[in-house]
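Below, in structure tokens: the form predicted on its own, a single chain.
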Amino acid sequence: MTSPTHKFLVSALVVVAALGAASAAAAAPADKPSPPVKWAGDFGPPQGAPIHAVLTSPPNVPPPTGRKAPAKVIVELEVVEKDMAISEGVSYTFWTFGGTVPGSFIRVRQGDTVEFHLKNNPNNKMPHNIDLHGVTGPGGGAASSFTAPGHESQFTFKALNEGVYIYHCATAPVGMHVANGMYGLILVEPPEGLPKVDHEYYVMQGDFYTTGKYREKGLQPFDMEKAIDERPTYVLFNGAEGSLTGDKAITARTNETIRLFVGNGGPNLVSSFHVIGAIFDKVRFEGGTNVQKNVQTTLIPAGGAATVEFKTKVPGSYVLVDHSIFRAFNKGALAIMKVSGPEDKTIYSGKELDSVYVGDRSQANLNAVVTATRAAATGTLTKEDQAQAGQALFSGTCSVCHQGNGAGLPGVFPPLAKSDYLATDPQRAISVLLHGLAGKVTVNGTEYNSVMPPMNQFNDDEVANILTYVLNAWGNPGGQIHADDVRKVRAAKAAAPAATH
């Protein structure tokens, strides 16, 4: 019979022998080299003739690549510095990739070899480069693409990882280049492609910093101090207030699947992206491969992106916002998706309240505002021009409380129709609109005690136009308010509120 001591000695010898064999194997030279590391998406060399990438301007997206093998893809992108509208009557000198903000949408396949050409227009004043977050390499390409005006740079990278990625300029001062609109999206499709949908759209948020106030007319320079303090004048989708509203709204029909590629160029703010009246069936958050389902609002960091998908069920206007909500209604972060098709009252009754949600810049009838702005610039503005522009602006904001017919809400909001308060002193209405009104007020013999917040987000022209419309509507005595009248009241300090307990 074997003793316990004997068993222990046998086990020890076995362990020693195994360790010795392992040491000998480690010391001996390898018979063959270790296999090379296979990176994600590395599917061998490019196949077929080189392909020139189809680049699209927002909100359009290039078609799927539809390829079964990696290719050599040539991307040619030009930097253009240009003045464009940032809001109605307000222009800004944007620095752009491809002449638009955001820049051109780029679409490639995972495993592609991308030959990138960056061209800096000879009329530009600044050098630029590009940092693509979808690139594995120093600076995302920035180190290889620094380009002076009138020059072209070239570098090559392999698209190793699928996802939707930001690209932006990374030339010093980086924040200024990004704040001037130098960002866009590059989509790296998985080898099998993305599931088919009915519509794909490209939407990108950015925060902008101007020396003038929100909607202050004229060419507005960049304000570095505001940018450093992270106090944007505008927060916008696709580079301009109203860029995706009215005739420029994105469209769909009922029972269609929508895919939005949503980026956030920053440079500072995080986006709380939300579509009012829709629930995202799928969100690929932060541009990656994980999927979250049944999402109401998704966070998109500055320098990040997301892909959201949902199916349209009933017709109407759906409002895209940054749900940090003052950005939507007071800085411009608002867009519209118009869905047409048959109603389904089992899902929704069909009652629409667009005027409550969408604000003055989402209306399709802003032609009157454009006409009034141009007429004011040429000195040909008439009372009729003002009233028509004022009606468009009133319907977007003021009608929420005062109603479209000026009747107000009994016991809550005083009427504007046949108002003795307005008739007694039309100029007083300027101060009410700019500085607000709190406490008891008697209108047409009825006492009201409510609060009207200041509406100083409107510029001088807009205040004048709204009040001119009100004075000439609903049986009011008529009259005209001029922008100079508003300017004087705005310059004067509002009276200090009375002391209260």
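The shown structure was predicted, so the numbers you read here are calculated from the model rather than taken from an experiment. All residue numbers refer to positions in the sequence shown, first residue = 1. The term rigid core refers to the maximal set of C-alpha atoms that superpose within 1.5 Å between the two forms.
One more form of this protein exists, namely the form predicted in complex with heme C; it is left out here, but the text below deals with it.
Comment: heme C is not present in this chain, but in the predicted bound form one of 473, 61, 54, 437 has a heavy atom within 4.5 Å of it, namely 437. Here is the short version: of 419, 210, 129, 87, the single residue with a heavy atom within 4.5 Å of heme C in the predicted bound form is 419. The candidate spot formed by 278, 317 and 333 is out of contact with heme C in the predicted bound form: none of the three has a heavy atom within 4.5 Å.
Residue contact with heme C in the predicted bound form: residue 401 places a heavy atom within 4.5 Å of it. The shortest heavy atom separation between residue 111 and heme C in the predicted bound form exceeds 4.5 Å. In the predicted bound form, heme C sits within 4.5 Å of a heavy atom of residue 448. When contacts are judged by a 4.5 Å heavy atom cut-off, residue 412 counts as touching heme C in the predicted bound form.
Contact annotation: heme C lies within 4.5 Å of heavy atoms from the stretch 420-428 in the predicted bound form, the single such stretch among 420-428, 188-196, 225-233, 164-172. Shown without its partner, the chain has 453, 455, 458, 466, 467, 470 in segment 453-470 as residues with a non-hydrogen atom within 4.5 angstroms of heme C in the predicted bound form. After superposition on the rigid core, the Cα atom of residue 439 is displaced by 2 Å or more between the shown form and the other one. In the core-superposed comparison between the shown form and the other one, the C-alpha atom of residue 291 has shifted by less than 2 angstroms.
A displacement of less than 2 angstroms separates the C-alpha positions of residue 282 between the shown form and the other one, with the rigid core held in common.
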